[in-house]
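Listed next as structure tokens is one chain, alone, in the form predicted on its own.
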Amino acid sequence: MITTLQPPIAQPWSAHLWQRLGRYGALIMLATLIVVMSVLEPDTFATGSNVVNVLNQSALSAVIAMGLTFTLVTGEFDLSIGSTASLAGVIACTLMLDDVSIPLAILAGVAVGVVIGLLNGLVVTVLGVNALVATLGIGTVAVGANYAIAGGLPVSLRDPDAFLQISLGRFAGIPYPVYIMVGLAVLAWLLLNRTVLGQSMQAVGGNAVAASLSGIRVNRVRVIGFVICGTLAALTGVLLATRTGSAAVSAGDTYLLAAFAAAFFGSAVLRDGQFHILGTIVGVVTVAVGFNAIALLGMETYWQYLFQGVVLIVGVGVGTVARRRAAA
């Protein structure tokens, strides 16, 4: 009996269109925002100094969001990043008030993030506590420690000039935080895409059972993801303190939503709902461009929160709808 192979059924043009929208919808949104603002405010928005300003404003959000991305890639969440950032800044400034050198104070602040990340990872993997509950609980403990150290008051340096130069200093006209953001982005991308650890993280996030059967130590990988997240959250808190020469017990709280919005928005960039470093950077820049546009147009501050929420919903929603339509 002779059987004939049927040629594959070609996808309709609408399916291809929805697939493209799912992959590039977030980028189209960013490009549209840039074009519209360039037309509305050509003398202020479409300038080199404003581009540098947007990148500088993106730097801290990008650092903490990249750390969160590692946790999300492994299939977990971390709600303690805002509290970790606040605590790291307070500890660094408190130590400098006690005449500890700036490098050692910064290292101590970042070390706090390592410890918190390790605790998060161990509570989730060893005790089996849900990541949302575990990180919320440990984040609350961090808030308590923060108030115990600072008494709820801002910790201000007596002579902050050298500390402020970390954020206010420039090289070739570009602020140092932009270089920090770019350098960390390159390292994070290489770690996640060009190392065995990064491939293991993606495997664990994709299918933990299959990853375990293939020999990957799932719990260890998840703990490392939490440690990276806590470390970058703490670094964000220290860098935030370098912008004002002081640290507050709630300084990092606003970065929690910003990091999640950027990471989830970025999951709709170029990939089908997968968290990745490049997408996270695009998400951070999109939010920063929107905030910059709102400021240049003279709109009220509450529009920033509205925009951030819309970015999260639209960025993720368009990708989800596009994938469903393409499959249908």
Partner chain sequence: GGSPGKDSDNGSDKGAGKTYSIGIVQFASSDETSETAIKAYVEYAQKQGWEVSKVDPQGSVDKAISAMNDYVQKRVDAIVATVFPSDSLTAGVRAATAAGIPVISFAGGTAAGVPINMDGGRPNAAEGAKLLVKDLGSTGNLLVLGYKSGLPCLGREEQLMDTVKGTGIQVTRNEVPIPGQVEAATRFTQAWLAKHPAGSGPLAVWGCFDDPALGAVSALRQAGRDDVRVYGINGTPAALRAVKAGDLRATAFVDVAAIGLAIAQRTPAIIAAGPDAKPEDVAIPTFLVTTENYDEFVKKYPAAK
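In this text, all values refer to a predicted model and were calculated from it rather than measured experimentally. Positions refer to the first chain, counted from 1. Between two forms, the rigid core is defined as the largest C-alpha subset superposing within 1.5 Å.
There is another form of this protein, the form predicted together with its partner chain, and it is not shown here; the text below is about that form.
Out of 180-188, 145-153, 103-111, 227-235, where are the residues with a heavy atom within 4.5 Å of its partner chain in the predicted complex?
In short, 145-153.
Thr244 within 4.5 Å of its partner chain in the predicted complex, heavy atoms:
Output for Thr244 is yes: heavy atoms within 4.5 Å of its partner chain.
Ile277: touches its partner chain in the predicted complex, heavy atom cutoff 4.5 angstroms:
Judged by the heavy-atom cut-off of 4.5 Å, Ile277 is well away from its partner chain in the predicted complex.
Within 4.5 Å, heavy atoms only: does Leu60 come near its partner chain in the predicted complex?
Taking the distances in the predicted complex, the answer for Leu60 is yes, it comes within 4.5 Å of its partner chain.
Is there a heavy atom of Ile166 no more than 4.5 Å from a heavy atom of its partner chain in the predicted complex?
No, Ile166 sits far enough from its partner chain in the predicted complex that none of its heavy atoms falls within 4.5 Å.
Using a 4.5 Å heavy atom cutoff, which residues in 293-308 contact its partner chain in the predicted complex? It's fine if the answer is none.
Contacting residues: Ala295, Leu296, Leu297, Gly298, Met299, Glu300, Thr301, Trp303, Gln304, Tyr305, Phe307, Gln308.
Using the rigid core as the reference frame, would you say Ser38 shifts its C-alpha by 2 Å or more between this form and the one not shown?
The answer is no, as the C-alpha of Ser38 shifts between this form and the one not shown by less than 2 Å after core alignment.
Tell me, please, whether between this form and the one not shown the C-alpha of Ser49 is shifted by 2 Å or more, with the rigid core used for superposition.
Not so; Ser49 is displaced by less than 2 Å.
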